[in-house]
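Quick heads-up: it's one chain on its own, the form predicted alone, in structure tokens.
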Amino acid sequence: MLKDGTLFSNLGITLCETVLSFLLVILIGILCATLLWYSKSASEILEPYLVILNSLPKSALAPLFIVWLGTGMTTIIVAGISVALFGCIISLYTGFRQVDEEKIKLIYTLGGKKKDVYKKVILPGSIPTILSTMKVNIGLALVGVIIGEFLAARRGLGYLIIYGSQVFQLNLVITSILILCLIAMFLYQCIQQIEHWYKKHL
């Protein structure tokens, strides 16, 4: 597989799906957490549902995604998003609420509006929370992508694991698992480097 390049193509597909899922999780998570922070009534209504959705076994949702979206990369990316998204929203919203109240009062005292509080206090004060959430979610996105590839892929490391187990090629299964460990380590280190850069430039 190294000689004919198929290992690298499968690795590239899984890596691409994971990064796309992760970026969409962070983007949607920040937008939804912002909505919950802006609207108290929305947060009171939606927060219990987010907790319930976060507790669902995501592997049970994968067959539904296949029925709704068919097989292919879209289904796998959605599976990756579903594993990480709800926990991401809850973590970010909790982080937004824990920002220093005195700073918020200061903005209002100086005549600022809610959008000024968000731009000047909430977002800058929540960067450590966002970074720590990113560390967790990069691994969860990878897990979701592999679940999706188990069920809906014809390429990727998840597909190689399923294929190898079906034809009893355990060397293929073990190699794919080891590569997944290396991918997880690499992606985590990327987030760690971003965090180090942020702390250095504070």
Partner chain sequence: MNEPLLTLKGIDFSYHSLTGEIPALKSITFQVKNGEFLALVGPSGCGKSTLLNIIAKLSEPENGTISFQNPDGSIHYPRIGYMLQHDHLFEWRSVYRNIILGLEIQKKLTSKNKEHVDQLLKDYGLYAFRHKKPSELSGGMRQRAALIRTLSLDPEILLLDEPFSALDYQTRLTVSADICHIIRQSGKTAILITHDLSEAISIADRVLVLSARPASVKAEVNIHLTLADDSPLAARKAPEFGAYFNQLWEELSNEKTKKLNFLHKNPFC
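Small disclaimer: the values here were computed from a predicted structure and weren't measured. Positions refer to the first chain, counted from 1.
The following text describes the form predicted in complex with its partner chain, which does not appear among the structures shown.
Is Gly112 a contact residue for its partner chain in the model of the complex, using a 4.5 Å heavy atom cut-off? Yes, Gly112 sits close enough to its partner chain in the model of the complex that at least one of its heavy atoms falls within 4.5 Å.
How about Gly125 - does it come within 4.5 Å of its partner chain in the model of the complex, if we only consider non-hydrogen atoms? Yes - in the model of the complex, heavy atoms of Gly125 and its partner chain come within 4.5 Å of each other.
Does its partner chain get within 4.5 angstroms of any non-hydrogen atom of Arg97 in the model of the complex? Contact with its partner chain, no.
Residue-level question: is Leu131 within 4.5 Å of its partner chain in the model of the complex, judged on heavy atoms? No, Leu131 is distant from the partner.
Whether Trp37, Lys40 and Glu47 all lie within 4.5 angstroms of its partner chain in the model of the complex by heavy atom: No, the whole trio is out of contact, none within 4.5 Å by any heavy atom.
Hey, which residues along 87 to 108 are within 4.5 angstroms of its partner chain in the model of the complex, non-hydrogen atoms only? Counting only heavy atoms within 4.5 Å of its partner chain in the model of the complex, the contacting residues of 87 to 108 are Asp100, Glu102, Lys103, Lys105, Leu106, Ile107, Tyr108.
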